[in-house]
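One chain follows as structure tokens, the form predicted on its own.
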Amino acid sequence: MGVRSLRRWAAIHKWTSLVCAVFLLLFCLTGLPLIFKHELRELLSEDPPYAVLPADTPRANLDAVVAAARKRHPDHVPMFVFVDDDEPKVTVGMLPSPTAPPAQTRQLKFDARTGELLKETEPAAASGPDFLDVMLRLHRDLFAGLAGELFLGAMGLVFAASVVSGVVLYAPFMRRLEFGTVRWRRGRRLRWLDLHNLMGIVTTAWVLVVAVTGVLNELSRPLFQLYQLTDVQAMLAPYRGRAVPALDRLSSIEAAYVLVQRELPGRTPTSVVFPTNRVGSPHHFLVWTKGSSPLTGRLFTPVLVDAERGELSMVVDLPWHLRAIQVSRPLHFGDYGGLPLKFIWAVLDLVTIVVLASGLYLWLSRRRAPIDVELAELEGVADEA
């Protein structure tokens, strides 16, 4: 590679790295606790313990659970029922009205076997976010909503360009050195440059995966909204003009759950969303299902059940780009292989923080030398002061 090409790639690497460095440090620092968000929530949880019952104890009737939630809060309307497949837990989400903002959602947690209320969580608007909620909002959108998501998605693309340009520069800058060489006795700046190059090239595949999946996650909201405005509206065209049925006209939640469980063998229903104009269909129960393998367990398929007749209306096939987003979400945080993979993700996250910090140090302590002089110094032709 000629000096002119090297100069171009060096400029790309320098400026893309500088543009996104602060935001990448924010990503890494906030992402570290988010890797272990499930474990941290369990550790910090003050929920009462579940009843000790035989493993084959049947699940409580979902209609009875919803009725208990409505009896406790008769001035609220149920919006969803979440059936946890990892814990014996059923959560009912309720709002003061169907048009109330999601921040006013009140969650009631029930024991899935006994149907007893275990805990009631106040709306986020009243209780405020906890530590993990703050970390997630900073990591996802900087508390700026959609604009923040799109901005951070752009920073993810800039970071990917920084990584690619770093890989292009690695070979010519290290062509006379063995892989992994760190020249400990050649001066602080050269030592940190060797460490920066080594850690950067070793983590290249991981940071590209995290960058790409991060960009996909940032695009999830506008892509899902576009899907709702186009494909979903086309699916619901036969029902257009019909009002959302009143709660006393709805068929059984339990029957809808069991129906989907029976008609889609190999898939597990995880939640039932009540008819609403906000999410899903105003005329159907929206039942979300997932597969049983480590991969398909992250792929959610929506099923529509007629809310009044209790009949299966359709199984919705999501487009490929929304499937890619579903897969990218757990991959971004290493949530596929349990704690061992999460620890690997955490170590790589810490290494990336060192790469970013060393890159900033190298820029702040830079010498204004031509690229050919820098190459000569790196290859050991000249001594580093």
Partner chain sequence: MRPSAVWRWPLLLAAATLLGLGAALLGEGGVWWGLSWTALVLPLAVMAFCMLRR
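Residue numbers count along the first chain shown, from 1. On a predicted model such as this, the values are computed, not experimentally measured, just so you know.
Missing here is the form predicted together with the partner chain; even so, the following discussion is about that form.
Q) Of the options 128, 74, 265, 294, which one has a non-hydrogen atom that comes within 4.5 Å of the partner chain in the model of the complex? A) Exactly one residue meets the criterion: 294.
Q: Have a look at 175, 240, 249, 188 for me and say which one sits with a heavy atom within 4.5 Å of the partner chain in the model of the complex.
A: Flagged contact: 175.
Q.
Check for me: heavy atom within 4.5 Å of the partner chain in the model of the complex, for each of 202, 327 and 330, yes or no.
A. Contact check passed for all of 202, 327 and 330.
(Q) Test of understanding: in the model of the complex, would residue 181 fall inside 4.5 Å of the partner chain by heavy atoms? (A) So residue 181 counts as contacting the partner chain.
(Q) Test of understanding: in the model of the complex, would residue 338 fall inside 4.5 Å of the partner chain by heavy atoms? (A) Residue 338: contacts the partner chain in the model of the complex.
Q. Using heavy atoms and a 4.5 Å limit, would one call residue 348 a contact residue for the partner chain in the model of the complex?
A. Judged by the heavy-atom cut-off of 4.5 Å, residue 348 is in contact with the partner chain in the model of the complex.
Q) Should residue 170 be counted as a contact of the partner chain in the model of the complex, where contact means heavy atoms within 4.5 Å? A) Result yes; residue 170 sits at the interface with the partner chain in the model of the complex.
Q) Pick from 222-230, 202-210, 84-92, 255-263: which stretch has a heavy atom within 4.5 Å of the partner chain in the model of the complex? A) Of the stretches listed, the one contacting the partner is 202-210.
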